[in-house]
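Only one chain comes next, encoded as structure tokens, the form predicted on its own.
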């Protein structure tokens, strides 16, 4: 039971950076290129860990705290998400609220660290990040509230164990969470993680001044955030097999997470980044889907 409770934590810590490698390889295949090695993100983090960090004299402790608090926050969120049919290490009644606030705290300190540099360029990225989050978070919270209402619990472990996609409202929630997943992880069509065009950068521009171990923490935290939100979506889709099927559950989770990375790679290969004025419309649509699902769940 102890191993079962910590399985998603182990899998996330080990395989989260691999999802980025899968996404990049899919995009490279669509473009007719060989692409980066699957383990490129591991190499990049190892390289940055070995470097020294450079700090501007205009920054304060907030700039140094941003990557550390961000990584700690997403680790808390990861410890709240179980493998299908199990109980998460930090599970308790109401942990659904802590899950949402942990992700919000991660963004909050990333934005503070960007603003602490005093750069108008990073301030522009921070303002766009906050603007997008103000529209994405209601869709996430309403979607989770819909699932919680159907399951009759505010615990993620109990919620995911009692829920499967068998009703129209849960299909709507999955659609909304899919949109939020792309927005929260700065993926196309909301943001381009590989862009070098200054006026279109959002998340990447906020971390331009970080270097060395700090930047490695940011890279790892971003990879873990993809895993955390993805595992919630996968947990709503996979049928519950029970605790005695630990290896089967773990293999199914890995397979679905890799498939989710493939889907993200296909989306990024077949779509362009939306114009900034179009992004709010898509996020409002996600919120409307979650709201409609919540109304349906009240029947």
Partner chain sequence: MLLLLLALGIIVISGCGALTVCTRPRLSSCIGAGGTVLGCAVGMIPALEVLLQGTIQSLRCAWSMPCGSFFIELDPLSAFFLLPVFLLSALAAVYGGQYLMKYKDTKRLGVAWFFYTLLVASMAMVCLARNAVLFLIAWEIMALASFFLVAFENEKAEVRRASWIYMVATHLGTACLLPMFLIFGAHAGSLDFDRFAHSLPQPLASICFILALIGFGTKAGIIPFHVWLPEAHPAAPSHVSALMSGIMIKTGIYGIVRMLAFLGMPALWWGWLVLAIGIISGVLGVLFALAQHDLKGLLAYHSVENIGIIMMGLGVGLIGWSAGVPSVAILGMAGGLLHVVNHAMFKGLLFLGAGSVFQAAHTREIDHLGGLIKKMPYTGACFLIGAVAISGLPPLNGFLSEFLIYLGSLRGAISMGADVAVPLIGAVAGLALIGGLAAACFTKAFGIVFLGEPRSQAAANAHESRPLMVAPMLLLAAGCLVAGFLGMYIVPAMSEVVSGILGFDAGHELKIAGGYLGSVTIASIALLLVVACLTLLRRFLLSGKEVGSGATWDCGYAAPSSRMQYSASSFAQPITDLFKMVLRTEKRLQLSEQYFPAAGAFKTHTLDAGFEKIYRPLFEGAKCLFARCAVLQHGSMHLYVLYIVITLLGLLVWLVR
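Computed from a predicted structure; not experimentally measured. Residue numbers count along the first chain shown, from 1.
As for the form predicted together with the partner chain, it is not shown, yet the points below apply to it.
- Contact check for residue 93: a heavy atom falls within 4.5 Å of the partner chain in the model of the complex.
- For the chain shown alone, residue 42 is not a contact residue for the partner chain in the model of the complex, no non-hydrogen atom being within 4.5 angstroms.
- At a distance threshold of 4.5 angstroms between non-hydrogen atoms, residue 32 is out of contact with the partner chain in the model of the complex.
- Put simply, residue 219 is far from the partner chain in the model of the complex: not one heavy atom of it is within 4.5 Å.
- When you look in the model of the complex, the only residue of 229, 183, 126, 223 with a non-hydrogen atom within 4.5 Å of the partner chain is 126.
- Screening 34 to 42, 47 to 55, 229 to 237, 265 to 273 for residues having heavy atoms within 4.5 Å of the partner chain in the model of the complex returns a single hit, 47 to 55.
- Contacts of stretch 116 to 130 with the partner chain in the model of the complex, defined by any heavy atom lying within 4.5 Å, are made by 116, 117, 118, 119, 120, 121, 123, 124, 126, 127, 130, listed in sequence order.
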